[in-house]
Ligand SMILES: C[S@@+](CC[C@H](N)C(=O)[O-])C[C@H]1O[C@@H](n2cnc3c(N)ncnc32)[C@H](O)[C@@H]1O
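First, one chain by itself: the form predicted alone, in structure tokens.
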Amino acid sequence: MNKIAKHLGFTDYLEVGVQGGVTFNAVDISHRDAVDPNFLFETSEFERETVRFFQMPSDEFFSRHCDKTYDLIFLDGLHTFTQCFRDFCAALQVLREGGVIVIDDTVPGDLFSSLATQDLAIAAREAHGLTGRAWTGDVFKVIPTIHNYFPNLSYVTLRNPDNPMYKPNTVLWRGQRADFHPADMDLKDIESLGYFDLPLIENLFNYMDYEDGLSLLFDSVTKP
């Protein structure tokens, strides 16, 4: 976030899905808004005129409380296809020209992470003698949806081969895709995708190594 904001001169940031505030409180942008139905830290310690916290579901924020537009929006809310896609559509409406959206957790690390709820992911791991709370849900379905139905958006899914702990996320900006070729699937097909279908749609994610992907972004987006 800080690399993107610094390079493009961004001044207004929105984060949906904040929990403990690890990412939000580390972002070096002057004006920041945070949205989460249940913050897991004392927000009053960080709140000021240019840093606001909205403790509510994202649907409520976008429909009733969002009063500005943003340069950079980070979507890390409820990890379901339907909610993430709804957050994405709402975020597009408040994204400034030349702005960037980052969607987290677009690639599940394993079968358990892709299950419908975090409780189910944890229980399934325990049933197989494993531990861990990792959960990305079916957010990955948002990417083929964007690929097929938003030809005016460009994107890359970043991965970092030098850091095995880095979780891939997808960075999007407004820009017509000259090579737009929708995959042969409709919304019903996309919604029925599962973890084992990921190799079949891998080309839709437009994977790039971290530095190369950021370079493409910086070359493609004009500073506001």
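Source: prediction; values computed, not measured. Residue numbers here begin at 1 and follow the sequence given.
In what follows, reference is made to the form predicted in complex with the ligand, a form of this protein that is not presented.
- Figure note: of the listed segments 56-64, 194-202, 175-183, 43-51, the one touching the ligand in the predicted complex, with heavy atoms no more than 4.5 Å away, is 56-64.
- Mapping the unseen interface onto this chain, Asp76 counts among the residues with a heavy atom inside 4.5 Å of the ligand in the predicted complex.
- Contact between Thr23 and the ligand in the predicted complex is found at the 4.5 Å heavy atom cutoff.
- Though the partner is left out of this view, Asn163 does not reach within 4.5 Å of the ligand in the predicted complex, counting heavy atoms only.
- Using a 4.5 Å cutoff between non-hydrogen atoms, Gln19 counts as a contact of the ligand in the predicted complex.
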